[in-house]
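Just one chain follows, in the form predicted alone, and it is written as structure tokens.
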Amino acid sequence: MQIYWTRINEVIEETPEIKTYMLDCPEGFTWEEGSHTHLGLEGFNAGEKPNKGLVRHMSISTLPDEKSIGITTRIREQRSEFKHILNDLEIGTSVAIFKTHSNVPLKREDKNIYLLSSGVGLATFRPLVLDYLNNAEQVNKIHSLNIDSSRDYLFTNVFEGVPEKGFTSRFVDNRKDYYGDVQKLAQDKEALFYVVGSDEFLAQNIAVLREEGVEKDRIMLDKHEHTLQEFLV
């Protein structure tokens, strides 16, 4: 396993509870849209065994051509030790990234794509949307649906939509509107449905999609292959 040590070059306050940590790109580090990585804070590998309390699995919210690795996360008032430390990190601080992989790259299969997310889960989809806007080849259209009860919606500059390029977006703040929209979108049986959020959120979305007749192979989850079957039963 290769560990890349890099530095924070900017901290962006996206909303009152969400920050994006922009990291320098280490030499040789590559990723694709929809990627996640492991973020390690200083000292995580100082002992004989890694301190898992100083490591978190995070989505990368940027594309390589943006020249920085974006890590977007929610930091609540009541937070873990990891988030306490992360919240206090300053520009120039070293962090580690490793085990980078994408379970949800943009599939170019001449289909409509629906992106279903909750809150900060939208960070996973930002690079997919930008990749599509840069090159729409073999993607019919993309629609994003995000639920966030805080109403502090994320990445509104990207997710305002670009209808003339086939990208539309909708934010909702309640479950009734959200799942009502999911049921309507599910009538497009040939589309691909990407779902990102908590395990409970994934299970609820899958249940609605399957009930509406969407086949399992059209549901894309940000999960490793060996855990997919736990959801797509």
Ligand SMILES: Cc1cc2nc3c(=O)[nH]c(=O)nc-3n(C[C@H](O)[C@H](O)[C@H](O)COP(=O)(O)OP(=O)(O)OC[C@H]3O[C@@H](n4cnc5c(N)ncnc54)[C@H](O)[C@@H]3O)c2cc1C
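All residue numbers are counted from 1 along the displayed sequence. Note that the structure is predicted; figures quoted are calculated from it, not measured.
Below, we turn to the form predicted in complex with the named molecule, even though it does not appear here.
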* To do: Indicate whether Asn157 is a 4.5 Å heavy atom neighbour of the named molecule in the predicted complex.
  => no
* Does any heavy atom of Ser80 come within 4.5 Å of a heavy atom of the named molecule in the predicted complex? -> yes
* Using heavy atoms and a 4.5 Å limit, would one call Leu106 a contact residue for the named molecule in the predicted complex? -> no
* Asked: Within a 4.5 Å heavy atom cut-off, is Val139 in contact with the named molecule in the predicted complex?
  -> no
* Structure fact -> Exactly one listed stretch (80 to 88, 106 to 114, 143 to 151, 128 to 136) reaches within 4.5 angstroms of the named molecule in the predicted complex by non-hydrogen atoms, and it is 80 to 88
* Asked: Quick one: of Ser59, Asn205, Ser169, Thr62, which gets a non-hydrogen atom within 4.5 angstroms of the named molecule in the predicted complex?
  -> Ser59
* Asked: Using a 4.5 Å cut-off on heavy atoms, which residues of 112 to 149 contact the named molecule in the predicted complex?
  -> Val120, Ala123
